Structures are given as structure tokens and as C-alpha cells.
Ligand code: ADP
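Here we start with a single chain on its own, the form predicted on its own, put down as C-alpha cells.
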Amino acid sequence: MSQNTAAALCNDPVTPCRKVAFVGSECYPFVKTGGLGDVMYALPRALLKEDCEVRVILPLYNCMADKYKKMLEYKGSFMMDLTLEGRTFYVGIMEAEMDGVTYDFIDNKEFFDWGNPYTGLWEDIPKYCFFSKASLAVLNYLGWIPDIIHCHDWQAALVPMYLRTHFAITPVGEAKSVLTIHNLRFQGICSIPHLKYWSGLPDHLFHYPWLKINDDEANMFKGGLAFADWITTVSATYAQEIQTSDFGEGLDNHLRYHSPKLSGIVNGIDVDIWNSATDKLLEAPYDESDFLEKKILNKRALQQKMGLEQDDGKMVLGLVSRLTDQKGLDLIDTIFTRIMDGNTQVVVLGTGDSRYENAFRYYESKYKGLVSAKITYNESIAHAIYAGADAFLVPSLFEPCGLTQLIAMRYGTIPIVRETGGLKDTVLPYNPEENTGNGFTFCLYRPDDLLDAVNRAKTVFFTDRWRWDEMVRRDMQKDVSWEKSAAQYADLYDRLSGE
């Protein structure tokens, strides 16, 4: 949808048009360090189909590739006060339009000319105080007043607070705010004087129950969650988990208090990028109608690419992940030798903690031809693993949503996951009596429980192959796109705008 089409919809008395501003610290393809960048790219595009006009507001980082900087058009500038003493800073606006979505980049070399894009919490606090306040000032300057301002993670958490304080009696103050938790582990915690100075927010907000978390520290996420009109997480299960002491990262009491305005909407994936039928990185593209003939060709290509024995009869387990404790790598490490039964191969792609990098290098040398570990990230290899592996491991300690299990299902690779967060919401456990489900799951975070799930998958793969193939077909037919999620967000926006 073009901007003209979006504008026409807004002027159509029959078709209501919601104006939504996204505020976040990164967005593919301009700058991306994780899943947040994918969401900031894909969800606005999906919302266009829900009769939304969308702008995405981002920092103009110096680390952004030149080819994207050349797309930008200067839209104006102004000076904005910040800090307790009211220092003024330059706010430039550079704009681009892509696939019907308008992207407004906030330009300030003092804040955004260093970092990739993040540096360290002490340095990043001033950066995102400036960014949060400038985002609202830019909307006023442009005269584009949204119905909803959708903020993402701690870097944009001060937006709801500024909205109800400094901008309360300005045009943008009429908007409602949504704050999405992508990963609660990162919260923007710093000393009270540091945040008080750079934010310039009123003194009373640095007490309980707003920003203050102890006698010395303030928490940007905590304040934003309190002031937001609605809070979402990236899965329904994660919305419940973060209200417990195990997953609440110190904010479980705060989130239980605000639970009436808290809900979960699971993420999707870009089904144009992740499409086994059109994927040019694959040896043999395929879909649910011909995967029996084509997927085996990708398996052979993966074995060759990764230096594994060429054997159609082996079960290939894939892992594409950050190599950290959160991803359940300690469970895999504990049971690894028991997985290797002579009929199994393991392929690993990722970087992270040296403990796990070295462990997988060791297993590769111990099980030559059966284990291959690429301690890097390579897009071509990732696609090859999703298409060529038989099953995919995601035994996470916690997983707010998770994207790898969705991609694996899209490619007909059966996920083996722990029942947490978005993994629980998206992977239905296999039921042999009813021949239903789309993966193998385990509940308790224990090595033997993961091993049991792997062995259950092996049993079906080696002894009930027709049931396995039916599960592959079900997974490939499963809707993992953004469309359903976008419709849920549009309904939420409607409810908030009508209040």
C-alpha cells in the first residue's frame, strides 16, 4: 500500500484508518541486532492491510549502511530542551518511505554517531532519554498526530511518561500509548541522579511506584509500564510468566499490579523472506506438495556443506542460536553424548559464550562426520539448516516469543522445544493416539526431560515415518505470518482509541 492509498483510506468515511507511530531503537534493514529489528520491520507492513497508516521513528545511527542513508530526505529540524538544567539539543528529521511505511530518523550526532548501535548502559541512558522525548516532539513538528504510539522495549519506555507530562497539553498528548516487552531482562536501570538529570522528568516520578526501584536506582522500563495505556508481550504465555518471580526479573509485583492492562500477542515471521518454495539459498526449493522428494536433496546438500557423512538414513538435528544459557545450551551440553547414538547427526550455527563455543568445537572433533559446528553466523548456512535438518532444537530456559521454531516449521523441520513463552504458544505437542501436534515438547528445565523429547522424536522418525511426514506437512501449512498478529494489534488499537 502506498502513502497515497493509506491517505485515501483515512479520508474514506466507510473505512476507518488508525494512525500508528512505532517508536523503537532498531529496525531491519536499516539497523538490526536482534528480533526487535524484525518486529519493527514486519509488523508495520502487516498493519497496512488492517487499514493503518504507520510511521516508524528511529535514531539515525552513524553505523547505518550508506545505501540506506542515501534514501533519506531532510524534513526539517529544531532545538529541543533536555536535562534538568534545560540544555538544548539539535533534532534533525530525515525521512524515507518503503513499501507504504514512512520511516522518520532522528538526527543528532552527539547521541547517535557512536555505538553499534548500543554502547553501554551508562552512555545509552542519555541517548534514549533524548530519543524518547524527541520522538514526540517530531510528531508535533510534522503535524502527524497518531491515535496510537506503539513503543518497544526499555529504549522507548520513557515515551509514555513524557506523553503524560511534558507533552500532555500538546497535540500529540491526545494519543494513547502501547508498550511492548520483547525481553524483560533488559530494563534501563541506572542511578536516580543520572536518569533524573538526563530525562528532566518531574521529581515525584522518581519515587514509588513509578521509576524508583531502591534507594539508589531508577528503572526506565518500570516507569514506562506504569504510564502506558496498555502493555503487550510477544506471547500470551510470556505475559503470564513475567508475573512470577522466576521470570519477572524483579518486576513481577509491578506487572501483577498492572495485569488488567497486560496481554500477549505472539509474533509472526516474514513469510516472503522465509519461504521454502522461493528460497534461492536452497539446493532445491520445495513446498508441502513435494517436500518428500525435495527435502532430502536439501539434507544431502547440508551434509556436504557441513562436512557430515552423506547418509539419508541419519536423523539430522539442527541448532541455530545465540550460544547462551538462556537458549538451554547447558541442557544440550549435559546430554550430548547420549544423543549421539550412531544414527544421529548434529549441526550447530551461532556464536556466544566461549564455554559453549568450545564445547561444540570439542564435539565436532570427537564425532567427526556426525557433528558440525560453525561458530559464526552465516545467512546461507542458516537457510540450509532450516531446510536440510529433520528436527530443530529450541530448549530455552525462557523465550518471550522465539522465531527459530516458526522458521523451522515453515520449512518442515520439526521443532523440539521447552514449554515456555512463545514456544509453548506456537508448538503443539505431538499426540500419538490422535496423530496431532506439530512438534515435541518438554516442561521442566531438566536434561533428562530434553533427552526424553529428543528420543520421542527419534522414535517417530525411525519407526512411524508416515506420521512424521504428516507432521511435516502440518507444520508447513501452519500460518506463522504476521497477519493474525496484526489483526490482534489492530483490535487493541481500536479499543484504546475508543476509550
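The numbering used is simple: start at 1 and walk along the sequence shown. Here the structure is a predicted model, which means the values were calculated and not measured.
Missing here is the form predicted in complex with adenosine-5'-diphosphate (ADP); even so, the following discussion is about that form.
Student: Mind telling me which stretch in 401 to 409, 96 to 104, 136 to 144, 278 to 286 gets its heavy atoms within 4.5 Å of adenosine-5'-diphosphate (ADP) in the predicted bound form?
Tutor: Going through the listed ranges, the match is 401 to 409.
Student: Do E50 and adenosine-5'-diphosphate (ADP) share at least one heavy atom pair within 4.5 Å in the predicted bound form?
Tutor: So E50 does not count as contacting adenosine-5'-diphosphate (ADP).
Student: Are any of the heavy atoms in R467 no more than 4.5 Å from a heavy atom of adenosine-5'-diphosphate (ADP) in the predicted bound form?
Tutor: Although adenosine-5'-diphosphate (ADP) is absent here, R467 would stay clear of it in the predicted bound form, with no heavy atoms inside 4.5 Å.
Student: Residue-level question: is Q326 within 4.5 Å of adenosine-5'-diphosphate (ADP) in the predicted bound form, judged on heavy atoms?
Tutor: So Q326 counts as contacting adenosine-5'-diphosphate (ADP).
Student: So, A236 and adenosine-5'-diphosphate (ADP): in the predicted bound form, are they within 4.5 Å at any heavy atom pair?
Tutor: Taking the distances in the predicted bound form, the answer for A236 is no, it never comes within 4.5 Å of adenosine-5'-diphosphate (ADP).
Student: Please tell me which of W122, Y208, Y377, Y74 lies within 4.5 Å of adenosine-5'-diphosphate (ADP) in the predicted bound form, judged by heavy atoms.
Tutor: It is Y377 that has a heavy atom within 4.5 Å of the partner.
Student: Have a look at L184, A359, L308, L349 for me and say which one sits with a heavy atom within 4.5 Å of adenosine-5'-diphosphate (ADP) in the predicted bound form.
Tutor: So the residue touching adenosine-5'-diphosphate (ADP) in the predicted bound form, by this definition, is L349.
Student: Who in 20 to 39 is close to adenosine-5'-diphosphate (ADP) in the predicted bound form, meaning a heavy atom within 4.5 Å?
Tutor: Residues within 4.5 Å: K32, G34, G35, L36, D38.
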